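First, one chain by itself in structure tokens, the form predicted alone.
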């Protein structure tokens, strides 16, 4: 399970803000309203969009800007209900229940909880216990842990990739999806993507423009069926900044 570091028994850590992170005015306005709602009660946000377009970065930036602890959990490892909370394990010849970080994160005030790739569990029923956590009641009973209630100010962010091209994904249960506010992510505007390439990889302005020209050509070619994400564009930029040619950078990506 991937999660934030712990300190003093509290799940999560406050990430550093990315000075080069870009979000549209519409996205910033949406997140500002989410922050206001979170002061009244826990809130759920579903972030959808193409792979590599900054969904996870959006969650980290939200936590960083508002100085909130962040705990990230990989949903793709789940094969049964309750697996996020803990498991029975053999310890000194005795079977004991080992609590994971998820219950701690739930009970940490103002924690940002990132449910990564929420539509990729090993078994769909593995998400069943999330229904109660994400509902209006915001609590769940477990025989091993008792009644767990979501702390004040907690914000759940779930991210997912949707489409037949993503192996292992499932359609998100409509009843679960209905519990979320939804925000869609897409490619960055060209001028912003060029600036991000310059700042994050060290390529020149001319090189960044050339990279984005090629990337846009690939994105616009329906026959190739290729989606070149911003993440992939950054990888191309890093290869060029390291001395590689544009051709080498594209083919290796």
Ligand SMILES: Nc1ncnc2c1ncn2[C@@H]1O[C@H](COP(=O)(O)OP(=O)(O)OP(=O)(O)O)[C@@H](O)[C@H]1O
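Note that this is a predicted model, so its numbers are computed, not measured. Positions refer to the first chain, counted from 1.
There is another form of the same protein, the form predicted in complex with this ligand; it is not shown, and what comes next is about it.
The closest heavy atom approach of residue 201 to this ligand in the predicted complex falls outside 4.5 Å. Remark: residue 13 does not count among the residues lining this ligand in the predicted complex, judged by a heavy atom distance of 4.5 Å or less. Using a 4.5 angstroms limit between non-hydrogen atoms, residue 52 touches this ligand in the predicted complex.
Contact annotation for residue 207: none of its heavy atoms lies within 4.5 Å of this ligand in the predicted complex. Looking at 25 to 33, 207 to 215, 53 to 61, 38 to 46, the stretch with residues near this ligand in the predicted complex, meaning non-hydrogen atoms within 4.5 angstroms, turns out to be 53 to 61. The contact residue chosen from 110, 104, 161, 83 relative to this ligand in the predicted complex is 161, the criterion being a non-hydrogen atom within 4.5 angstroms.
Not one of 115, 172 and 178 comes within 4.5 Å of this ligand in the predicted complex, counting any heavy atom.
Contact residues in stretch 183 to 215 (any heavy atom within 4.5 Å of this ligand, taken in the predicted complex) are 188, 196, 200.
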